[in-house]
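Just one chain follows, in the form predicted on its own, and it is written as structure tokens.
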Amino acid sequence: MNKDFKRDCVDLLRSKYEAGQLNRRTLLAGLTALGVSAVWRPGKAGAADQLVVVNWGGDAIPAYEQAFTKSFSTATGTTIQIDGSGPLEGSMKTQFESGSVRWDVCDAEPYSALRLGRAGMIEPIDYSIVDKSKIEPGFADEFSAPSYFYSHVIAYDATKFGAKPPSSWADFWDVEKYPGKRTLYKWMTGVLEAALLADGVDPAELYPLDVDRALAKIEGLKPHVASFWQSGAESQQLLRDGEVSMGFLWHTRASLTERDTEGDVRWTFDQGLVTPSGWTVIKNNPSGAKTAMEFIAHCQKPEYQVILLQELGNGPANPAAHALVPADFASVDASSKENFARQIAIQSEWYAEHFGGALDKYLALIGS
């Protein structure tokens, strides 16, 4: 089942339950049929001693428990429920517009927070509670505070290219020097930047993105693209199974693939495209804005962010955390001073203004 459709089904079940149109037994049967019964259980919405934190599911659920939620519950007595169905922009918007907000803190895309915030749907981050000094400089947004950093990187078949590995998106596009099939991300973020860098655009002059130029560059590579992946697991499998010799991957998935293949697949932060995910609070959230902001502030503690790095591979948002990173994790820390300097930061502002139209063009190209 398509993951976005699945999440929509979960939203519909919840809405009907909360409106009294479904009983608990029918709700749980529906959730079980969708394969998400372990992710969410109905509870009392708006309970003062309960906080609902929404992330993207899978391994992130136990990782967030270890990194953030257990310690917050211990410190405050607040029960935390992690919902792994994914804080899609449309879901956040629907909850606000329906007047039935169920989520307290969302681990969302910063550009989604910007768009919804400017429409009056998102609480501005309360920087009297959330500490700006504990955020990587330049990333303290009005409507979201970074929860972690991750990167879009080049992963490659080291059995073919290990002697002279690719180190730029120009190398990624060079199918004569580096022959073989490629894989790119279906949902575009970072791919436009990679294409423009491959076409010779200076990193300092990337924005505003020239979408048509990027699409022309992607069209040239398209005959060599075996697949436009939709999930991190799919991107790993394509490289692990040898279906492609090079891929545009999230650095967390690239690192796992290197481990799983015992170094047959490797990757680099060179010209990586780095971006934060952002803590976001929908207006009129059940536990109240203050409690949500206190949770975000709790998650800024460097020792908790190091746990998340160890559990998921996500780079800390608090610069002070890097000094606590164990040596064997330093090479995968996307936001460390050394690794950050090798990369280019994705601009959420541009995506907030242009995402929908650019994505439509991109999907039309890759689907043709």
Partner chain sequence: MGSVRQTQVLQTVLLWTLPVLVLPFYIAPLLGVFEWSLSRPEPGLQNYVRLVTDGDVIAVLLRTFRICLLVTLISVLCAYLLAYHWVFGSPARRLIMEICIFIPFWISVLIRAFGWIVLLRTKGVANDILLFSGVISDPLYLVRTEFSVVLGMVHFMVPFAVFPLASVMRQIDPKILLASRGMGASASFTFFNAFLPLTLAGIVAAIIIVFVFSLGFFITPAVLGGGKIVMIAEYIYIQMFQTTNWGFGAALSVGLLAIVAILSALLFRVIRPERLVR
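Fair warning: this is a prediction, and the values are worked out from it, not measured in the lab. Positions refer to the first chain, counted from 1.
Another form exists, predicted together with its partner chain; not displayed. Remarks below refer to it.
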Does V105 make contact with its partner chain in the predicted bound form, using a 4.5 Å heavy atom cut-off?
no
Just checking whether D260 would be counted as a contact of its partner chain in the predicted bound form - the rule being heavy atoms within 4.5 angstroms.
no
Is G90 a contact residue for its partner chain in the predicted bound form, using a 4.5 Å heavy atom cut-off?
yes
Answer with yes or no whether S133 is in contact with its partner chain in the predicted bound form, where contact means some heavy atom within 4.5 Å.
no
Of L256, V201, V225, L209, which one comes within 4.5 Å of its partner chain in the predicted bound form, counting heavy atoms only?
V225
Select from the listed residues R266, H298, K181, K283 the one whose heavy atoms reach within 4.5 Å of its partner chain in the predicted bound form.
K181
Based on heavy atom distances of 4.5 Å or less, which listed stretch (201-209, 147-155, 125-133, 242-250) is in contact with its partner chain in the predicted bound form?
242-250
Since the partner is left out here, which residues of 181-213 would have a heavy atom within 4.5 Å of its partner chain in the predicted bound form?
K181, K186, W187
